[in-house]
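One chain is shown next in structure tokens, namely the form predicted alone.
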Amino acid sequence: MLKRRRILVVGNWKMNPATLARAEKLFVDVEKTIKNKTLRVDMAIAPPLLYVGALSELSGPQKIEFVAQDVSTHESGAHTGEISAAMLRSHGIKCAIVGHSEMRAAGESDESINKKLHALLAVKSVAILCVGESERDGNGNYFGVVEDQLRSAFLDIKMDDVKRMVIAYEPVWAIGTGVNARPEDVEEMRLFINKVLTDLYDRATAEAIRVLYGGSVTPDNAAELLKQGAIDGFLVGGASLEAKKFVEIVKISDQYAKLA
């Protein structure tokens, strides 16, 4: 039985909403629903970077952390369009998503992912590393896919830095399809991820790392995934663009944390 860690729920807005006005409305709708509530879970949102400044001014007493959807491999220099980890921190953004399946599909390499992790950890920021298979087969080859992703991502990363990382297991075949992985399959992968991390470091280090699930997460399946999946929260995509659904997932996670 794996040790339970504090639950984290992250809403990845991707390239949405289309305007700042809509982004502000979505953020305010989330904020006012949880206003003045004492949550037992950590909550964060990854909006388009352009919106963070305006949204941060709308933050109320219930602190919602902001997460970057990506980060540069470079510290500074002639890299048009890139945003460094240090730049993110200077704006209060201390966490970034790395290796999202959409970035991998667009050609992001294992080497680039590893460099981004090093860049974030060098400035004491948190990295949410995404791993996951494109398809499942009857021979369990998908475990090898995830193991390769983990081993390449953690190359030359020190044990002390590993504890500031979060892993998001997102089976690509479940993202945006409306079909989530079965809780028992999520639990199996969670245990496998723990085994790989134990092999790379040690058991204590492996168990200190939060593992989230992402892939068609909704209020209808969140409770079952938490209860049976042995995960530490969610990386929510489509449902995070509807305030009511996202807050419901947060509330379900909070209730689970209370009972656990």
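For clarity, every value in this text was computed on a predicted model and none was experimentally measured. Numbering starts at 1 and runs along the sequence shown.
A second form of this protein, the form predicted in complex with a small molecule, is not displayed here; the remarks below concern that form.
Not one of P47, Q69 and R89 is positioned with any heavy atom within 4.5 Å of the small molecule in the model of the complex. Of the stretches 215-223, 196-204, 22-30, 39-47, only 215-223 has residues with a heavy atom within 4.5 Å of the small molecule in the model of the complex. Mapping the unseen interface onto this chain, E133 falls outside it, with no heavy atom inside 4.5 Å of the small molecule in the model of the complex.
A residue is said to contact a partner when one of its heavy atoms sits within 4.5 Å of a partner heavy atom; H100 meets this definition for the small molecule in the model of the complex.
In the model of the complex, the small molecule sits within 4.5 Å of a heavy atom belonging to K14. In the model of the complex, the small molecule stays beyond 4.5 Å of every heavy atom belonging to G140. In terms of contact with the small molecule in the model of the complex, the residue from I93, V186, A174, L129 that brings a heavy atom within 4.5 Å is A174.
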